[in-house]
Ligand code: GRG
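Here we start with a single chain on its own, the form predicted on its own, put down as structure tokens.
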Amino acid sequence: MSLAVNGSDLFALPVAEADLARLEECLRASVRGDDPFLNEVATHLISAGGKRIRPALTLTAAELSRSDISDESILGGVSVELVHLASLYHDDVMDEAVRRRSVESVNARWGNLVAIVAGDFLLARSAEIAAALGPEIASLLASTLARLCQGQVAEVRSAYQVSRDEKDYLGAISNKTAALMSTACRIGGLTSRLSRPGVENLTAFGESFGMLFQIRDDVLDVIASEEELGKPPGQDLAEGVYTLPVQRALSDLRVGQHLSGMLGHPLGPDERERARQLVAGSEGIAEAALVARQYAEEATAAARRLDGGPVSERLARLANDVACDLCQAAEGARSRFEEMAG
């Protein structure tokens, strides 16, 4: 089974190492202040690393202008990444997580209150940067934050609801994930003074790519191993977050009734593993991968409406590569889990 869960190559974008270094330094500088304790907490996940895919999208979008990456574009990427980091701080409190990016989570190390306030601090820094970049970007970031909150509330309200429909799921991930991906691309276009049609196509690419990205994550939560994920698989199932592969599995005549009887309440380790095996061996995995492929095609079309040069082609290839990797992983996982069940 080909499964690039944490592989940086899958998400590699044509951003110069020097520009990535500028981004990292600016990211750290943006949260440094006079309080050593707050500095330590605020930089905890920054120091842990990560793909930086959202700011990389910002910088890649800015490269479409065919000029050097400006300080404005760097700051735009930082503002987006700070929002993402803040969401991780808050999510870990809600999920009672103890690990994040292979390090101790902020809430586990310093407590929920510190984690929440530190997340708010990152959001404040992001808003400060966005305000300095002008009213359009400040307004964009504010509306994106509102969408993130709407997506989170929708997910919380649907917890343990076996009857959750696909429309609700897609709406939630559009707000929780695609919104920030879309904003990352749009900010890159705005800070590099790209044409309005170019900005709109970048925005469309980011929205569709964000949907693809989240569906991929939700499939991997079912089919990947703990070693590949860096956390126990099936966490969403255990916590009552019934994602697209689970929804499609519930409609599978072979496993749907049995699976439905297991869900609707928190799952212990053994129940979680059994439910995960049912979903992984169902039609739900392949069907979710096909939905992801549809979003990849939308993202590819939006990328190719750009200038047709190497940057737009790389964005198109990124969407296609992620979808292909997921489809291959889904095919391999189904065979593997069917053998286990047999």
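Numbering starts at 1 and runs along the sequence shown. Please read all numbers here as calculations on a predicted model, not as lab measurements.
FYI, the form predicted together with this ligand isn't displayed, but the following is about it.
My question is simply whether Arg186 lines the interface with this ligand in the model of the complex - judged by any non-hydrogen atom within 4.5 Å.
The answer is no: Arg186 has no heavy atom within 4.5 Å of this ligand.
Report yes if any heavy atom of Asp236 sits within 4.5 Å of a heavy atom of this ligand in the model of the complex; otherwise report no.
Asp236: no, not in contact with this ligand in the model of the complex.
Please tell me whether any heavy atom belonging to Ser87 falls inside 4.5 Å of a heavy atom of this ligand, as the geometry stands in the model of the complex.
Ser87: yes, in contact with this ligand in the model of the complex.
Given that this ligand is not shown alongside this chain, does Val31 nevertheless sit within 4.5 Å of it in the model of the complex, heavy atom to heavy atom?
Contact with this ligand, no.
Taking this ligand in the model of the complex as the reference, which of Arg274, Lys51, Arg304, Arg314 has a non-hydrogen atom within 4.5 Å?
Checking each option against this ligand in the model of the complex, the one that comes within 4.5 Å is Lys51.
Between Asn201, Gln214, Ser105, Thr191, only one gets a heavy atom within 4.5 angstroms of this ligand in the model of the complex; which residue is that?
In short, Gln214.
Heavy atoms within 4.5 Å of this ligand in the model of the complex: which of the stretches 262-270, 238-246, 87-95, 201-209 has them?
Every other range fails; the passing one is 87-95.
Output the sequence-ordered list of residues from 249-272 with at least one heavy atom within 4.5 Å of this ligand in the model of the complex.
None of them.
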